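Given next, in structure tokens, is a single chain: the form predicted alone.
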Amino acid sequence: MNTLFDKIWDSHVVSMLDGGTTQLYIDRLYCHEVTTPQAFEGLRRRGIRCLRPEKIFCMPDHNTPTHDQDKPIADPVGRHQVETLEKNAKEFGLSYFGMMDPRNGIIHVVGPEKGLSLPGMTIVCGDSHTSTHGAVGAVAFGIGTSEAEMVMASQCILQQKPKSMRIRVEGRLGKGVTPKDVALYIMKRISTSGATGYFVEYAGSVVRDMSMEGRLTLCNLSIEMGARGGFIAPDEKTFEYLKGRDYAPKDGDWEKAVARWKTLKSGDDAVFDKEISFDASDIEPMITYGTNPGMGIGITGSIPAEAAPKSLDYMGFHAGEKLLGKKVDYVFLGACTNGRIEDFRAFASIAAGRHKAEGLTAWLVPGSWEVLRQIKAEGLDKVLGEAGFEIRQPGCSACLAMNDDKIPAGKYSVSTSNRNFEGRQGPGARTMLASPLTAAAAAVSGCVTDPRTLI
């Protein structure tokens, strides 16, 4: 019996080329402002249009400031990139969700939120964290600029088919342990190259119990394990999440779609190229100590003796050291990893009745305008405001140093984003990746704190 990955991939094969290359049909292309200008320029040079413009959606997110979005972007490079995307979308007749548009946000938050990303689809974007959309049961992966041009021109892409891997997480997660911790734990165990060459299907009772927001977080981090992408078979939670969303099927089409989506699962006798299992009881809240997401420890643990000296030198840490109690200068809640409503609820659950630590800077950035509306509707902005926190406008923010929200050199940041590479949050910035609960615990205490002590 084929795996679910085989089913989706094989149903999108247009033709097979010499050497095992697949011409794969693509259902959805997402474009943001950073990676697509050359692709549009390529179309112009060739004098061609987008083959199926209705399948392409564009929105700025990386360069957008998280304040004063109604004013021109101050940075000339960022402003030019955003203006160029808008111009290209208009010229080629593509859907465009610009700044201040109520549909705008981080592209990997908006896609599932609007029902643009649906089960059984193939989805691509010029961004490695496209794997996020796998949470709805889609085969989603990042592509390069020349590949984006290929999809624009032909609605197809040339790809080698990855191998398949299934990662099971069984049992029940303990107090204060979130999907972000599950992902960081898996990376710690298999390393950031442990899934290279594979497309990962997540399974097991822990994954089934996860909310859709949690699944989006888990799939988002697949690329950080080296995987081509990661996804989860759609189930009743998926259908409930998607029902009624703007671009989801409506009325009679909805029932037909759900009937089709229910067939999207790996058979009981499906054969994977590799299978790995983990026990939920082994996972505690996680935090990274180094300069890749696989360099993580349990919040109560110590930095391992074999940790890379270069990374420790950059971070100002040493082997054998505990991170508990380490002073924190910045806290960032947001990104396509943890910028959804559930993440703000989690952060607020710790912040309620407490106050932001003196001297600490906190950036709380919703992943979309829709998330911001939910925050206000639930009164979370008031809870967080009373605790001394301000909600900013949507965007990628401090996930990467492409807008105003940069961590200064030498300062420590507890971040809910997906990467802690050298300089990722700003030149010389020292990033510790963690969950929204752990970030909130640091924000109210001013140091690395086990969130379980505050729950």
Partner chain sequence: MKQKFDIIESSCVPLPLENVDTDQIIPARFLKATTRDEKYFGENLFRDWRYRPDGSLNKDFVLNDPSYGGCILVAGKNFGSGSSREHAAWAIAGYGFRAVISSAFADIHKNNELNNFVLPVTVSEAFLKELFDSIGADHGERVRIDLPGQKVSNLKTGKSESFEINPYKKYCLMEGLDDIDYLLSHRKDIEDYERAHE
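Numbering follows the first chain given and starts at 1. The model shown is predicted, which means the values in this text are computed figures rather than measured ones.
Form predicted in complex with its partner chain: not shown, discussed below.
Here the marked residues 13, 142 and 150 all reach its partner chain in the predicted complex, each with a heavy atom within 4.5 angstroms. Note on the interface: of 78-86, 324-332, 250-258, 378-386, the segment with non-hydrogen atoms within 4.5 angstroms of its partner chain in the predicted complex is 78-86.
This chain is displayed alone, yet in the predicted complex one of 192, 95, 349, 302 has a heavy atom within 4.5 Å of its partner chain; that residue is 192. The partner is absent here; in the predicted complex, the one residue of 318, 310, 274, 262 having a heavy atom within 4.5 Å of its partner chain is 310. Although the partner is absent from this view, residue 228 contacts its partner chain in the predicted complex, with a non-hydrogen atom inside 4.5 angstroms. Looking at residue 408, you'd find every heavy atom of it more than 4.5 angstroms from its partner chain in the predicted complex.
Though the partner is left out of this view, residue 63 does reach within 4.5 Å of its partner chain in the predicted complex, counting heavy atoms only. By the criterion of a heavy atom within 4.5 Å, residue 196 is counted among the residues contacting its partner chain in the predicted complex. Of all the residues from 412-427, those having a non-hydrogen atom no more than 4.5 Å from its partner chain in the predicted complex are 419, 421, 422, 424, 427.
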